[in-house]
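Have a look below at one chain only, the form predicted alone, in structure tokens format.
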């Protein structure tokens, strides 16, 4: 048995099937997709090689760049609005003495619901006639807002729904980091006269910087691959106001049968995601600190 474990061919015997399956179900489809990006394939007829025509078309496609802009808005909303709210609510829940488990469960529930369920649920809430949001705003004298049909409000409506779905998951992560901090630090600060806000701003937030950095990275990744909530709620409408890169690619490839162009868009999305990840690692990624108590 011991001699078998020292034999490299034994390890190779176990690794080769895994590599084969990985190549068959990941490498081969990916390379095939890259190949289709250089054709005018419509999903049914034979393919014709057209060189970089699909990529030239994408660079001149204003609808695609509108989708890129919406993805950037998703990223900015996630980092500048969602992450601060996540930290705020996590600190708030960490200070609760009773029913803390109830609050953790309550904020986490949306994360385990299907995106289709959430999209339909919020669709009813956004209804201009019977939706609870418009009824509440009506009490304040605000006129009826067509949340999902008005180009001025549709993207905001989707952003709020997407944030509601995922904030609870990240709140639980930050809360775990806060609860792992030694209580003696805040107790010493309290004896020195520090207020709750001063303890949160000068002690808690600096000590949980590593987890905040991870959440920022996950939020950027989530904003780049967001698509399901858009397809369920608006399908990119009205007139492309909520279209993101992935939903635009799906609609071009499947709805309009333009698979060659859709595949070229997927390659461009991959390149943009790679570029953003590299920029993050070169800038904010270096700011991650290891905290020791």
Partner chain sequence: MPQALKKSLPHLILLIYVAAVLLPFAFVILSSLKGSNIDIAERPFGLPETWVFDNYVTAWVKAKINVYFFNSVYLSVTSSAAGVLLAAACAFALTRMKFRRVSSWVYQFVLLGMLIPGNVLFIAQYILVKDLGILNTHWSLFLPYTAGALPLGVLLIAAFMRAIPAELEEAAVMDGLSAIGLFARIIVPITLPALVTVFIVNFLGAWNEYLLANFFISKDALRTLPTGMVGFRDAFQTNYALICTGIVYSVLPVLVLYAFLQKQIIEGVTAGSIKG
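In this text, all values refer to a predicted model and were calculated from it rather than measured experimentally. Residue numbers count along the first chain shown, from 1. Rigid core: the largest C-alpha set superposing within 1.5 Å between the two forms.
The form predicted together with the partner chain exists for this protein as well; it is not shown, and the discussion that follows is about that form.
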TODO: Please state whether every one of the three residues 105, 129 and 211 places a non-hydrogen atom within 4.5 angstroms of the partner chain in the model of the complex.
DONE: yes
Task: 142, 121, 205, 185 - the one with a heavy atom within 4.5 Å of the partner chain in the model of the complex - done: 121
Task: Option touching the partner chain, based on a heavy atom within 4.5 Å in the model of the complex, out of 198, 190, 114, 151 - done: 114
- [ ] Determine whether any heavy atom of residue 87 comes within 4.5 Å of a heavy atom of the partner chain in the model of the complex, and answer yes or no.
- [x] no
TODO: Indicate whether residue 278 is a 4.5 Å heavy atom neighbour of the partner chain in the model of the complex.
DONE: no
Task: 4.5 Å heavy atom contact, residue 32 to the partner chain in the model of the complex - done: yes
Open item on the list: Please tell me whether any heavy atom belonging to residue 263 falls inside 4.5 Å of a heavy atom of the partner chain, as the geometry stands in the model of the complex.
Closed with: yes
Task: Residues of 20-56 having any heavy atom within 4.5 Å of the partner chain in the model of the complex, listed in sequence order - done: 21, 22, 24, 25, 26, 27, 28, 29, 30, 32, 33, 36, 41
Open item on the list: Tell me whether residue 270 is among the residues that move between this form and the one not shown (Cα shift of 2 angstroms or more, core superposed).
Closed with: no
TODO: Superpose on the rigid core, then tell me if the C-alpha of residue 60 is displaced by 2 angstroms or more between this form and the one not shown.
DONE: no
